[in-house]
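Quick heads-up: it's one chain on its own, the form predicted alone, in structure tokens.
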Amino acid sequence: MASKEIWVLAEVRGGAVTRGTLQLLGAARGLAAPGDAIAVLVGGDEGIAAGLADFAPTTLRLDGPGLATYEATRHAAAIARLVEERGAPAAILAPASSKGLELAPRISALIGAGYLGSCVALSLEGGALVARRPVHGGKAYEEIALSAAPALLTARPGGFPMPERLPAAGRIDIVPIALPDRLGFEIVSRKSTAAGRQDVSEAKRVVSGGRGMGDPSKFAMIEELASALDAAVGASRALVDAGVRPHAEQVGKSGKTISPELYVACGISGAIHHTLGMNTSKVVVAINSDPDALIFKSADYGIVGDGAQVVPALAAAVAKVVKKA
């Protein structure tokens, strides 16, 4: 029989727990009974576990050979082993980041749990966990009641508020996990392409550029505006396909799905595969020279004009306001 615990799979980037993880811990605390919201950290260190304990009544730090570095197959196997040894929780939540979207389906297959991706709201109705998520390109939302345990879900970063720290730090339990030395393959090397930039899926503000900005050299204007707003830099699929920007910056169905507080789309037409990735942003500002561009249908504020003129002017105005502050 499944317990009433709700587990949140902790994600770490750059040595710190991600914003999406903490937001999900807040959601879990709102859904679970006191003490049943649990952070699950695979690998990590004492400092990261202590950071989680500020927000989670209990943190389970899974420790074992080969778990220190993220690898989806091994980490999914560790979570499956935890389910086997501790018993199934009521729900397992993970951020809908690139890692979460890679990890959750693997866990689902290993433990035989149903999986629901990219949720934007969670609630309890009649004792059942109800998840809300966009469908049909964000034109509608569906709500699904999950009656079988454990319910395995990913949720969009930015879709939930940041929780307050607990009055007192929670408990940290070290859980030894034994896995086979080899799971069928071996990682030879890793190379990061992030170059220290903010990740678009974690950032509070994102400025994206598209083909409408004109010559690729003008993308520097996007970076200038992003810098003024302390925002992450995103890009449309057209620029990524053309090799102008890395795939890590791509916003959209075939890139990253984001829910920032502010999204600024510069020279982006608003094709459905792009809006699928940003239509849960809190505030959307669109800049495009075409007054009939589809992106304006997704925008809260629109500026019709040449991006090469509007974006630098906007960056200068923002920088002036920030300097005064």
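Computed from a prediction, not measured in an experiment: that's the story for all the values here. All residue numbers are counted from 1 along the displayed sequence.
What comes next is about the form predicted in complex with a small molecule, which does not appear here.
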Fill in the blank from the handout: With a 4.5 Å heavy atom cut-off to the small molecule in the predicted complex, the contacting stretch among 5-13, 21-29, 299-307, 312-320 is 299-307
Practice task
Identify whether the small molecule in the predicted complex is within 4.5 Å of every residue in the set Gly212, Arg237 and Ser269, based on non-hydrogen atoms.
Solution key: yes
Practice task
Note which of Ser227, Ser123, Gln198, Ser254 lies within 4.5 Å of the small molecule in the predicted complex, where distance is taken over heavy atoms; exactly one does.
Solution key: Ser254
Practice task
Could you spot which one of Val284, Ala49, Ala293, Leu62 gets a heavy atom to within 4.5 Å of the small molecule in the predicted complex?
Solution key: Ala293
Exercise for the section: Indicate whether the small molecule has at least one heavy atom within 4.5 Å of a heavy atom of Ser97 in the predicted complex. Expected result: no
Problem - Contact flag, Thr58 vs the small molecule in the predicted complex, heavy atom cut 4.5 Å - result: no
Practice task
Answer yes if any heavy atom of Gln250 is within 4.5 Å of a heavy atom of the small molecule in the predicted complex; otherwise answer no.
Solution key: yes
Handout entry: Contact of Ser289 with the small molecule in the predicted complex (heavy atom, 4.5 Å)
Key = yes
